[in-house]
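Below you will find one chain, with nothing else, as structure tokens; this is the form predicted on its own, and questions on how it binds or moves follow later.
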Amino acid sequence: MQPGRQDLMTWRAAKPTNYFATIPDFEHVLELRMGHALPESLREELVSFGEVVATRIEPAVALLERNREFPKLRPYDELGQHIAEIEFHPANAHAAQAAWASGMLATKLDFEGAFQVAAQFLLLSHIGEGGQACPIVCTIGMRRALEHHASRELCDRYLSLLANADASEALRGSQFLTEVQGGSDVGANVVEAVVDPDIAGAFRISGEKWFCSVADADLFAVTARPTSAGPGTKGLACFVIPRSLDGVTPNGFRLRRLKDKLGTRALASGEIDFENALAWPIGELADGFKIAVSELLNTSRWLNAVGSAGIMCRSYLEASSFARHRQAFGVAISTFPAVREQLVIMKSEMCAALASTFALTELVAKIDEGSATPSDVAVHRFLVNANKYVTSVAASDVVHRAIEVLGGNGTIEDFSPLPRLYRDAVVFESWEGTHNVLCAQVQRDCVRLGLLEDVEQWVKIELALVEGHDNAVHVIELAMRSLQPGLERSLADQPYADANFRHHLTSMMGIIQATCLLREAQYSKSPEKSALAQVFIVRHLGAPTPFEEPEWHSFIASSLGADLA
């Protein structure tokens, strides 16, 4: 056998059978933000699910991608009756059964529950989206909206089924907000809601929704404008529409077509026309847009960042393990400084995404627990949008770098998951808000709600808890002082903000991620995490490297630690 092929076979044989153990320092990340040791019950669940994702869900998703077994629309049955059914390969059901059995959807909406959901979703996202991540996120968002705002009748009807751990029996949720004329301009939406004269509390929904992911869902959360409501987002209400009232016939909707997407190809996304679909409001009509944002969009944005971090973890895992086994010029390519630099950039971005996202998860957990302060709520509102923006950008870059490490092999669909992860990462970038939309939202929130002062104070508190990294803390403090005038001007001068706020926000998130990384480095007492924080600071905060080139590459090697052993 040729040596090169033997190297590849060794690489493949060394692939992990449990993703939980492959995430650097993950237990310390969780413990830092939870404020206590990882409960043994939670650890057992994560270890178990890490194996399930690697050995059951990943092979099923790989089969779907390898054979192009993607969802297909079956609008009519064999008798010509309209059924709007979506057909999936059996491997999709196999993956779903394993994902739902994790109990992620039944987790209590409390402090520990938020961390369990985020940790399990991080593990699941090692497959990319895979036809499972989006349905789970949307179902969690639907459950949160109902549990926090819906009538007792709606909760009794649907909540237990949304939380069912048996995928064959559980209800799946989805959220259809986008209309052809109103993507980011949600206030332009025109789908109409008319009071049903015969059913108390019910409405009839009519109009077109343009981008409907999880088009196979059992419950649709939609925004619609009651006939008595005014224009703009203030006139939108939030409704739940059951897919069918009799278990067979579509409830007043037609699936026009399925979208042919760049990524998330195992996920059914379509265009749907509603005509007098029976629906019930979620909460008060006047609170519809607020509910849609706070429960549906913010849940998706939080977990989108978790998913982007999961994609980065898997990409780094594939690239670092390949570099250890692939030989060129008689040595493993992991010995080449240029490859090591690529790997350490990937690892530092991955760890930064984990750090900021689990800091955000701590805020979500406090809000769910009911212990959040007004400042916690303000920082959450800032981070849930800004963090989604930077982590999704970083995920695409990290996968791209991983593909480069694998070279031409990295572009081959059945050689590694990287082409799939790259396509999915690009879709994650637009999922629940493009970069410009999110940056504009953060700027408006800062102007209207004064978030910036709370965020800056939160960063200062985090930095005050860091000991033993004085030089790094000093660099972060200098970066904050340097950035502050521009940020403040962005809140008072709209033309200046239009040209500069996105850049300032990117810099602010670099400060936040560096700070969170330092907190983790101190907590874990990990020299490797300290080195990664230094790499991140050098790249993002403009700090000069304190090393000559040979020392810098030695430092990079120490940052990668056992990954090159």
Ligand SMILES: Cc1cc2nc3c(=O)[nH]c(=O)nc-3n(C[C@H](O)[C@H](O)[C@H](O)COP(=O)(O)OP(=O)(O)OC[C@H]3O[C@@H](n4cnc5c(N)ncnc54)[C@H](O)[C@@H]3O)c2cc1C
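Note that this is a predicted model, so its numbers are computed, not measured. All residue numbers refer to positions in the sequence shown, first residue = 1.
Form predicted together with this ligand: not shown, discussed below.
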Inset, instruction - Would you mind picking the one in Ala394, Val384, Leu177, Cys446 that has a heavy atom within 4.5 Å of this ligand in the model of the complex? - result: Leu177
Inset, instruction - Could you spot which one of Lys366, Arg204, His325, Lys261 gets a heavy atom to within 4.5 Å of this ligand in the model of the complex? - result: Lys261
Inset, instruction - Answer yes if any heavy atom of Cys212 is within 4.5 Å of a heavy atom of this ligand in the model of the complex; otherwise answer no. - result: yes
Inset, instruction - May I ask you to check whether Val466 falls inside a 4.5 Å heavy atom distance of this ligand in the model of the complex? - result: no
Legend entry - Contact flag, Asp216 vs this ligand in the model of the complex, heavy atom cut 4.5 Å: no
Inset, instruction - Verify the contact flag for Val437: yes if a non-hydrogen atom of it lies within 4.5 Å of a non-hydrogen atom of this ligand in the model of the complex, no if not. - result: yes
Inset, instruction - Would you point out which of 488-496, 183-191, 375-383, 348-356 contains residues with a non-hydrogen atom within 4.5 Å of this ligand in the model of the complex? - result: 183-191
Legend entry - Whether Ser102, Ala118 and Gly310 all lie within 4.5 angstroms of this ligand in the model of the complex by heavy atom: no
Inset, instruction - Scan 405-443 and write down, in order along the chain, each residue with a heavy atom lying within 4.5 Å of this ligand in the model of the complex. - result: Val427, Ser430, Trp431, Glu432, Gly433, Thr434, Asn436, Val437
